[in-house]
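As structure tokens, the next two blocks hold two forms of the same chain, structure 1 and structure 2.
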Structure 1
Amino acid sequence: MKRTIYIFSDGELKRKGNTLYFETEEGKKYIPVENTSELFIFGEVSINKRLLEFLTESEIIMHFFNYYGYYVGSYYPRQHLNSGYMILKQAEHYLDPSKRLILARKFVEGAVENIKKVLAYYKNRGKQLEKYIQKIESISQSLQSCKDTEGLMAIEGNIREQYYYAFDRILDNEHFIFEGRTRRPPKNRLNALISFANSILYTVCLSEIYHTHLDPRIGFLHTTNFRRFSLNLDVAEVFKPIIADRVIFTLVNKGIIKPQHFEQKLDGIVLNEKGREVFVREMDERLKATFEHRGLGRHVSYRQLIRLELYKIEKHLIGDEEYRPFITSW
């Protein structure tokens, strides 16, 4: 299986022969291109056009993050699985309000069901979460009567707020308190973890979309506009609770991530370089972890699960099979 390469050091990344070559002040390293699926760049890295041409030939996506760990963009090579037919189908489902609403609601339903599964998992382990589960059950009852995507987004936001407050009970750690959702910049350590986890998952979903016929610019829950990809944001909603949030719980509950892994920057708090390394290592392990998929009767990794979800969306768009979001069976 091809690997994800994370680069935290400063240096120059270029093509050398038929492989990738990364040079820093400390040394040089060859990165076999045939074993590489994507690159995450966190350090100050110089590149050139020859490298980009090579990445295109090799079908490798490169994601960039700034000094503070914020996602700034991706090099998304020319799509090798381009499909005009699929783009038309995506546009058809986006432009028809009823068809768009069906898919958008599925993404929110998937997210909410997986949120409830996570809360039930920790409730069964003695965490006092009944209050949050009841509130989420109550709010989610309005999902079916919702008439537009703006309403769905509002409901999903209210549910997720209750869910994030439940983190305080799940983590029970004075150094990681929710205190309300804050972004750009996050105002405390837990918000910094949530933001970083989400941005990594968005880019992973984007990388998986690249290997399908889908166009990442046309989403259904998130509005398609001139600024960014949106389908990856839709798909990530389903998987945040069972991938990104579970990584946060593991890192905090096992004492792997600590207050010293954060720093005060930009009037907020962000992970420092060591903290980002610790996080992406655990996230990578989570994405590679396998479980038995009941529907398929075989083991799949969480990364493969995201790809399978995209195939289901393709089938829905071409009218083969109605999309049903993945719900974990914990």
Structure 2
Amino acid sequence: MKRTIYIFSDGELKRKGNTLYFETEEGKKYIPVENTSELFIFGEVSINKRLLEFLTESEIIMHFFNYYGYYVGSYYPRQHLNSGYMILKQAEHYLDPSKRLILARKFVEGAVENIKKVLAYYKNRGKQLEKYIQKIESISQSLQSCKDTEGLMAIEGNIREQYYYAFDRILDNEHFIFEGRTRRPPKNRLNALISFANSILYTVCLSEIYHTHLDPRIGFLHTTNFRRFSLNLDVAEVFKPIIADRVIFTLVNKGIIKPQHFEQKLDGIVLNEKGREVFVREMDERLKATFEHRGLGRHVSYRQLIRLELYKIEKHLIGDEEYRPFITSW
């Protein structure tokens, strides 16, 4: 399995011979290119065109985050897997409102089912979550009758709001209280964690899309604007509860992430450098963790699971097999 490289320090990243070379004030480091699948750049890193050419050749995607840990953008090299047929199919399922709605609904259903699994897990551990579970249950009734993607987004938003309020019961930690969802910037620590977790998951999904024939610009639940990536946002919905949110629970409940890992930023709160490092390390562990996959009859990691989900979407698009979102069994 290829590795993800996270760069937090400041320095220069360049090509040296046939390998990546990172130089900082403190030292130098070689990054073997055959073992690298993607780069996350958090520090102030200088790059040049020669490096971008090398990354393209090596099929490595590079994500950039700014000083506050906000996603800036990705260097998405020229597609290495190209199928005009798949792009046409993807566009067909976007342009036909009924086909688009089918897929969009599946993403929301997957998200909601996985949310319910997470809540059920904590309910079994004695957390008082009945109220939230019931509310989510009743809101999700309207999913089937929903006629457009805006409606689906609204239902999902309402469910997620209930779900986030349930975090207060799950975490039961005075330093991490929900108080409503706030973004750009997040107003409190829990919101900062949620935002950061989601943005990492979005980029991981984007990296996986890069290794398929799908075009990341054509999403189904999230409206495409033909410029920004949106398919990764769709797929991430299914995995937020079981990957991103579970990392948050682990970090807070085990006391690994603490108030000192955050900093005030103008009108909000963001994770500081140490906090981002701690988060990213745990997230990476989670993505590498494996479990038995029934269809394949062997163990797969959560990262591979995202890739498999993309294959399922491809199969849906080419009319091979109807897409059924992954729903965790624990």
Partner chain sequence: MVNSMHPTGTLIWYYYICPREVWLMSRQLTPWQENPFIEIGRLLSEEAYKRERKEIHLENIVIDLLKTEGENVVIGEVKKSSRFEKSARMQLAFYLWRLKQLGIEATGQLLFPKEKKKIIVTLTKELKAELIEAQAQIKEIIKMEIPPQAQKTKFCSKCGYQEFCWS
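If you superpose the two forms and keep the largest set of C-alpha atoms that fall within 1.5 Å, you have the rigid core. For residue numbers, the reference is structure 1: its sequence is counted from 1. For clarity, every value in this text was computed on a predicted model and none was experimentally measured.
Between the two renderings of this chain, the form predicted on its own is found in structure 1; structure 2 comes from elsewhere. After superposition on the rigid core, the Cα atom of G27 is displaced by less than 2 Å between structure 1 and structure 2. With the core held fixed, R294 shows a CA shift of 2 Å or greater between structure 1 and structure 2.
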